[in-house]
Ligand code: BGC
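Next up: a single chain in structure tokens, the form predicted alone.
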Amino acid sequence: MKLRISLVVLSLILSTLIGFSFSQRLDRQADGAEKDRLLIGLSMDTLKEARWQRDRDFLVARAESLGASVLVQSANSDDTRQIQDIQALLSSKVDVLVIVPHNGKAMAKAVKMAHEADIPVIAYDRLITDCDLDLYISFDNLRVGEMQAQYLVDTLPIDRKSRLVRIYGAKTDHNAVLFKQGQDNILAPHIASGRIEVVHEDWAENWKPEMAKKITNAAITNHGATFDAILASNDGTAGGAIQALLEEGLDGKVVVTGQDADLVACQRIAAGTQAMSIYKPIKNLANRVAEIAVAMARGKPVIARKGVHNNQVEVPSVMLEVTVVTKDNLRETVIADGFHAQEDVYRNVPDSDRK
């Protein structure tokens, strides 16, 4: 049976609701009876970073609480392996496939494979492009980039030109493009006016901290210790940049941004070597994905308030809000939410220096 997907656009006063429903597969079992337990397939780009380990654990726990099991595969940032992982998940007859793509364009093949098996696909946190994707759920990544850049605009001096190094994420990750676009939205007028000058910029392959370190080293080699800030697109690249600064005695003297509110990044914020991060309530995201996946598997309608074009279709999308984290609000954000323990965040900070 071919999976049927319907899009219904409802105009409301302040928002557009994109409603879509999935027909439940009636041929999952020969007699048409529903399986006793739903099965969700989760294909992840990587589990090397603590952030993605959290996503996995939260999603699995929430799905199990709703009566579903989750099969997890991690591709170690390898497109070929991720396709193989997805083939294995499809062979296991999952009811819904959730993909955190390493390469959003390459995983269009995975969506096609899933649809041929009548299995709906959710793109988790990273958009899958050039395909008839069923649902995209993430944080507002354009807004993330805007918040990073706005922090710099508000922090850098206004009485002189500020020199900026920009470190983008992986070119294969559509989110990296969105972060850059959001940053550009805020920076463009300040660059045009001459208040901010971008002296060095590059993409960090696979978001690797060591690539960010190389980019920062190149900036130091070419421009010396003359720049004021590094706009790093996530905490991993921020860490690589800060390591390069540390080796030159510049740590804490250059404003460095990040995102994900990783523990090591929050420790750097508390210690003063990283200026800010973006806190994404990952538990909320993972829980929402699990809830939607279970609803889809049961043939229930799902409502998305936004749509994101993926070069082929307008993908129904669910976007969660994010928060800027600085030294001044660590306790009110990541610590208050239980995302990190206070003793862990301030582990490297003397009691007298804790705010």
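None of the values given here were measured: they were computed from a predicted structure. Sequential numbering from 1, following the sequence displayed.
Beyond what is shown, the protein has a form predicted in complex with the named molecule; the following relates to that form.
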Quick one: find which of 45-53, 300-308, 287-295, 65-73 has residues within 4.5 Å of the named molecule in the predicted bound form by heavy atom distance.
-> 45-53
Contact test in the predicted bound form: R126 vs the named molecule, heavy atoms, 4.5 Å = yes
Would Q259 sit within 4.5 Å of the named molecule in the predicted bound form, counting heavy atoms only?
-> yes
Is there a heavy atom of R268 no more than 4.5 Å from a heavy atom of the named molecule in the predicted bound form?
-> no
Closest heavy atom of T216 to the named molecule in the predicted bound form, within 4.5 Å or not?
-> no
Have a look at D173, D85, D134, D95 for me and say which one sits with a heavy atom within 4.5 Å of the named molecule in the predicted bound form.
-> D173
Using heavy atoms and a 4.5 Å cut-off, decide whether Y151, K180 and Y279 all contact the named molecule in the predicted bound form.
-> no
Listed by sequence position, which residues of 182-212 have a non-hydrogen atom within 4.5 angstroms of the named molecule in the predicted bound form?
-> W207
